[in-house]
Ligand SMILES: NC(=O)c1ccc[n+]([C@@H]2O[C@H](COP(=O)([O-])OP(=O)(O)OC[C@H]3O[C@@H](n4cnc5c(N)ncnc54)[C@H](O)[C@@H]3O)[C@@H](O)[C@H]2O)c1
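Below sits a lone chain in structure tokens, taken as the form predicted alone.
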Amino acid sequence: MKTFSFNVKTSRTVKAALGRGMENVPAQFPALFAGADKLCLVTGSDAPPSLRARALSLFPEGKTPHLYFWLPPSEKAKTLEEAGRLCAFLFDNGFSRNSLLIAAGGGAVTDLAGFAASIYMRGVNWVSVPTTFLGQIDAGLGGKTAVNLGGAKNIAGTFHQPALAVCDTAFLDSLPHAELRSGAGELVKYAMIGPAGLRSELLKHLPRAVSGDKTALTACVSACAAYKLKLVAKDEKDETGLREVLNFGHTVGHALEALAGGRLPHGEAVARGARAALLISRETRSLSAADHRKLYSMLDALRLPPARGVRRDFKKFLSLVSKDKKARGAENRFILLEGPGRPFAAENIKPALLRKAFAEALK
């Protein structure tokens, strides 16, 4: 097991553990767990038995009482109502400021549980245990917690770092190919925005990672986690622009998820959002045709299925893009590319170009 820690501007030390087939995490981090009067393991009601068994191996029951809370499947969990239901459960069961939440699941579970942890008694400690490929390279790391509102993604949220993030790649063994491909959408994002060394490492392992190779998956998780947490340490609350580059592909991606009613996997949506961002970058002459071809080939390698179930409603798409929380008061705001590893922010892209980008994303 690899462990590392980083400090954020709130003077909080965040720890992360990466490994495969880990056991008894509390024994590895006694200070965090010994001080907890109660523990609540939060996961999805659709979690397979293998996930629950692995979670119990990581956090075996000891002297501290364990309670269990089940969330609805996937994005249905990310509502203010579910956050309130979890907080009420904690209150009814006597959880205090010294209690600990453990969120084991995909991005929806870690988002919702982290959000509840941030507001219950004005903040309690929590542990993020992402169990999907996408969660381990991105969604389960960094301390952004949120719920959805009005069909838009992550509109109500907080920055609340987990006291510990645990990425055990044994969780990935039973994932179907579609989930690995979805996670690879975020992986390609990192390859496009990151430095040359990260890009080389990810592209070397990408084909085998998507096919489920355990060594390749672990290498990708390690590389992406280290890069993201380094950015978070420098710009925890997305104030200087360093962390904002992680939003590449997400403005369009989130709009597509909304237009699909939550039926489009997040990683596939991000990959389609990256298609749109590359087109805008090329059409505004920020990105050369040669670099566009080079970067687009990474997306071709994912072999995305048809975007079935996504409404072809350009007017609604424009509305969603303008309401995206990243717009910062502009008509819209995108992370674009001047070349591999050279992201930058651009605002107020014209509707005519956005129409082309929308069509590109749906190809």
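Numbering starts at 1 and follows the sequence shown. Because the structure is a prediction, the values reported are computed rather than measured.
Heads up, the form predicted together with the ligand isn't pictured, but that's what we're talking about next.
Check each of 222, 154, 286, 118 and return the one that places a heavy atom within 4.5 angstroms of the ligand in the model of the complex.
Only one option qualifies, and that one is 154.
Have a look at 201, 238, 179, 82 for me and say which one sits with a heavy atom within 4.5 Å of the ligand in the model of the complex.
Filtering the options by heavy-atom distance leaves 179.
Tell me whether 15, 124 and 160, taken together, all sit within 4.5 Å of the ligand in the model of the complex, counting heavy atoms only.
No: none of 15, 124 and 160 comes within 4.5 Å of the ligand in the model of the complex.
Just one of 272-280, 89-97, 206-214, 72-80 has heavy atoms within 4.5 Å of the ligand in the model of the complex; which?
Looking at the other structure, the answer is 72-80.
Within 4.5 Å, heavy atoms only: does residue 131 come near the ligand in the model of the complex?
Close contact exists here: in the model of the complex, residue 131 approaches the ligand to within 4.5 Å, heavy atoms only.
Residue 65 versus the ligand, in the model of the complex: is there a non-hydrogen atom within 4.5 Å?
So residue 65 does not count as contacting the ligand.
Does any part of residue 46 reach within 4.5 Å of the ligand in the model of the complex? Heavy atoms only, please.
Yes, contact at 4.5 Å.
Is residue 144 close enough to the ligand in the model of the complex to count, meaning some heavy atom within 4.5 Å?
Flag for residue 144 set to yes.
Along 151-175, which positions have a non-hydrogen atom within 4.5 Å of the ligand in the model of the complex?
Counting only heavy atoms within 4.5 Å of the ligand in the model of the complex, the contacting residues of 151-175 are 153, 154, 171, 174, 175.
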